[in-house]
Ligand SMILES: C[S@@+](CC[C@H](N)C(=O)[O-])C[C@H]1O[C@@H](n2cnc3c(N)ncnc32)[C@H](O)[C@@H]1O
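Here you get one chain, nothing else, as structure tokens; it is the form predicted alone.
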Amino acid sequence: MPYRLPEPSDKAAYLREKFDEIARCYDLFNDLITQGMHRHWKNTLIKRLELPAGATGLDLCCGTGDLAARGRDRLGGEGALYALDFSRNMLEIARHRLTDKDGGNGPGLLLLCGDAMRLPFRDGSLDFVTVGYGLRNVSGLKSCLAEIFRVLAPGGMLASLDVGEVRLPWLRPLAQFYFFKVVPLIGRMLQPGQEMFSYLPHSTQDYPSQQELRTILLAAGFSNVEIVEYLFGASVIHLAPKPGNPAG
């Protein structure tokens, strides 16, 4: 039976349940489907943020904490980092990753179980927000971006890593075959019968291309949005600053 995406009204509950179910194999799954390249992409995202000493930030839709760990290491012993997700099983893995490493040393760290559509932060209170493969999964992209914009301080940065549109027309059918056929197969080898691995490629169908997302970010108030592409555009980093000068 062909896979059908959940209705928008059911999306959040569906994804919370499914991410809970695949939490234990999620990191291995990402390593396999990207041949480990996601690690380089995440390192580049954190490097491009140019985090200042004492910065305060949020890793949104943090999952197992893979990107948050890189942000924490970049901050060193200063600053504060929040990691938020709605999947408790994902957060439990993140908790071990972020508190066990080096005995939990590093900047102030707080794991939060929460809703990406209603961020528990004051206006202008964060210097940066990172999102790794999360914007595709929120129930309302524009509303989520408005929340991110709200909590960022002037001069703060949103950095998102997610899928994009392959730029070469002749290469797109091959990319589609890999994403819609091979990726679910790899997932089902790890966890037989798990339909979440079919959701992941299908979730790209309504997700904007990198240029369309840049336009949406600009309309949301961000400025000078930069795009960094990998694999001919199949994977994309968006760097979107909030206008203004950082405080201090």
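Bear in mind the structure is a predicted one, so any value in this text is a computation, not a measurement. We number the residues from 1 along the sequence you see.
There is another form of this protein, the form predicted in complex with this ligand, and it is not shown here; the text below is about that form.
Contact annotation: this ligand lies within 4.5 Å of heavy atoms from the stretch 130 to 138 in the model of the complex, the single such stretch among 168 to 176, 152 to 160, 72 to 80, 130 to 138.
Distance criterion of 4.5 Å from any heavy atom to this ligand in the model of the complex singles out L84 from the list I148, L84, L126, L109. Among the residues T44, Q211, N30, Q194, the one placing a heavy atom within 4.5 Å of this ligand in the model of the complex is N30. For a residue to qualify, one of its non-hydrogen atoms must sit within 4.5 Å of this ligand in the model of the complex; all three of Y26, C61 and G114 qualify. In the model of the complex, this ligand sits within 4.5 Å of a heavy atom of M90.
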